[in-house]
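Quick setup: one chain, the form predicted alone, written in structure tokens, and binding and motion questions come after.
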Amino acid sequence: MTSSVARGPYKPGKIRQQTQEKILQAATQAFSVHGFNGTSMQSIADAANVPKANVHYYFKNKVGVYTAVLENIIGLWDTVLNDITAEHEPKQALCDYIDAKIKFSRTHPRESRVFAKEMLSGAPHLQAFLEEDYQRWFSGRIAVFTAWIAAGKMQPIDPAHLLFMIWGSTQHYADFEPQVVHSLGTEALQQHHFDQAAATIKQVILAGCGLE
């Protein structure tokens, strides 16, 4: 007598996706610590616990892995502001964006450091993106802020530098985590530290924008 176990449909695509994600996570960790030049395909394979051939199967070379990591980071960062329009209320939009950026620093500190290292090295792997896609995205966000100012919804401040301030203050908790940890006299940043950071940043930004 034989017995059979009901099985769901075999989905090879899911296994491929999981392996690729595993490689990208390992690569993110390696790039965040050693930078692009200090990371090799072999070190990525070792960190992901897969053969080096597997890494080459999904990514042609180290530039391919690195580019995929950067694209993931930018996609995560920009999502919150993608859909804002002049019809949205600036207070809510700014609060949501600051909360999202602080959460990113808490949940994805390695990704933030990879991006910071890329910028500090002159953004050699993001030049084309910064000159085309990102410029269009940034100009679109600035247009929304400009519309809010024209409608009297917020003080007439420079939208570009407002975004720079938000980026710098929220990403600081990931990029300069050792400094923050030692300054606060704690062993590691906890949820309440990020909550306090978000509340403080929102208070200062909203006040500067003339928003209660």
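We call the rigid core the largest set of C-alpha positions that still match within 1.5 Å between the two forms. Predicted model only: the values in this text are computed from it and were never measured. The first residue of the sequence shown is number 1, and the count goes up from there.
Another form, the form predicted in complex with a further copy of the same chain, is not on view; read the next lines as being about it.
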{"item": "Interface residue in the model of the complex among M41, M165, A143, A68, criterion: non-hydrogen atom within 4.5 angstroms of a further copy of the same chain", "value": "M165"}
{"item": "Contact test in the model of the complex: E87 vs a further copy of the same chain, heavy atoms, 4.5 Å", "value": "no"}
{"item": "Contact of Y57 with a further copy of the same chain in the model of the complex (heavy atom, 4.5 Å)", "value": "no"}
{"item": "Contact flag, G64 vs a further copy of the same chain in the model of the complex, heavy atom cut 4.5 Å", "value": "no"}
{"item": "Exercise: R16 in contact with a further copy of the same chain in the model of the complex, heavy atom 4.5 Å", "value": "no"}
{"item": "Stretch 188 to 212 - residues with a heavy atom within 4.5 Å of a further copy of the same chain in the model of the complex", "value": "H193, Q196, A197, T200, I201, Q203, V204, I205, A207, G208"}
{"item": "C-alpha of S40 moved at least 2 Å between this form and the one not shown on rigid core", "value": "yes"}
